[in-house]
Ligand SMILES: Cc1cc2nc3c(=O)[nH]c(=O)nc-3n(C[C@H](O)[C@H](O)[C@H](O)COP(=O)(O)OP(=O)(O)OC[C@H]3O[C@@H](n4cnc5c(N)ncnc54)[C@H](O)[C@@H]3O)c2cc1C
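One chain comes next, on its own, written out as structure tokens in the form predicted alone.
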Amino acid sequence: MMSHDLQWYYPEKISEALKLIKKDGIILHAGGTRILKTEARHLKGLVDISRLKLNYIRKEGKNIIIGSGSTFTDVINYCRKTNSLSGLCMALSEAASTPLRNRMTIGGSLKDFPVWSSLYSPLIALNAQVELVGVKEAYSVEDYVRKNIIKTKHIISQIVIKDEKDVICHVRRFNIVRFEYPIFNLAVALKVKNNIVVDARVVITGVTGRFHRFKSSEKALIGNALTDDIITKSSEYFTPKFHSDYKYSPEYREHVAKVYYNDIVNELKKEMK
């Protein structure tokens, strides 16, 4: 239950919002889904971001810039309209439900990083960059988590993703029923030239340590065509580790993840032809 003394703030500048959230008990409010998992009785104030003009998506040179106030639906619609970032579009289209996708923002989902996140695996696979206010430099989404920048008090202003036509990306999520939180999210992105993989990124979330990037699997793919032997070799290095709970054993989850990994790479192989 929320406090009756909860204060709402409506800053018009990001610098004003940043000062507010540095106070104890005051958090940003965009889509509002974060509050569902926050101990509401400890909240003292909510900072509405609607006047900060962070809801935008645009192309700048080779980059697609996504404002942190953009919702999942905004991104899905942009990707479909421009035929770009298919892996990200695929992941967000399967996230949550339509009403929630209409509310969930890119910035809020990045800052919270719930274990069921459908956002992180494709963003890391696509080597997305996150730009922040309150921190001096931009980071890759991968370093944003690894270096614990995610836990500092800051505001995400925008996400920057290169729109490379020679990059193909597919994602898979494992869940029991459609609207339940996924147990893991897997993304594979390949940069391909003349049917040869020149770069690869393999990322899974929902594992121990929040996420893992399989650099040995990537290395096995780089410099090669996607033959059955190369896919098998890469799969040998794909060994995700999971926590145990009442649903599935870690061993079963690893087995499913391996099946999904092989499926994704074979799908990408067909796309290369």
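In case it trips you up, residue 1 is the first one in the sequence shown, and so on. Computed from a prediction, not measured in an experiment: that's the story for all the values here.
The same protein has a further form, the form predicted together with the named molecule, not shown here; the description that follows concerns it.
- Taking 221, 28, 64, 204 one by one, only a single residue has any non-hydrogen atom within 4.5 Å of the named molecule in the predicted complex, and it is 28.
- A single residue from the set 104, 128, 200, 187 has any heavy atom within 4.5 angstroms of the named molecule in the predicted complex; that residue is 104.
- When the named molecule is considered in the predicted complex, residue 117 lines it closely, a heavy atom lying within 4.5 Å.
- Looking at residue 35, you'd find a heavy atom of it within 4.5 angstroms of the named molecule in the predicted complex.
- Contact between residue 173 and the named molecule in the predicted complex is found at the 4.5 Å heavy atom cutoff.
- Among residues of the shown chain, residue 149 is not one whose heavy atoms approach the named molecule to within 4.5 Å in the predicted complex.
- Only one of 189 to 197, 74 to 82, 95 to 103, 161 to 169 places residue heavy atoms within 4.5 angstroms of the named molecule in the predicted complex, namely 95 to 103.
- For the partner-free chain shown, 154, 155, 156 of 125 to 159 come within 4.5 angstroms of the named molecule in the predicted complex, judged by any non-hydrogen atom.
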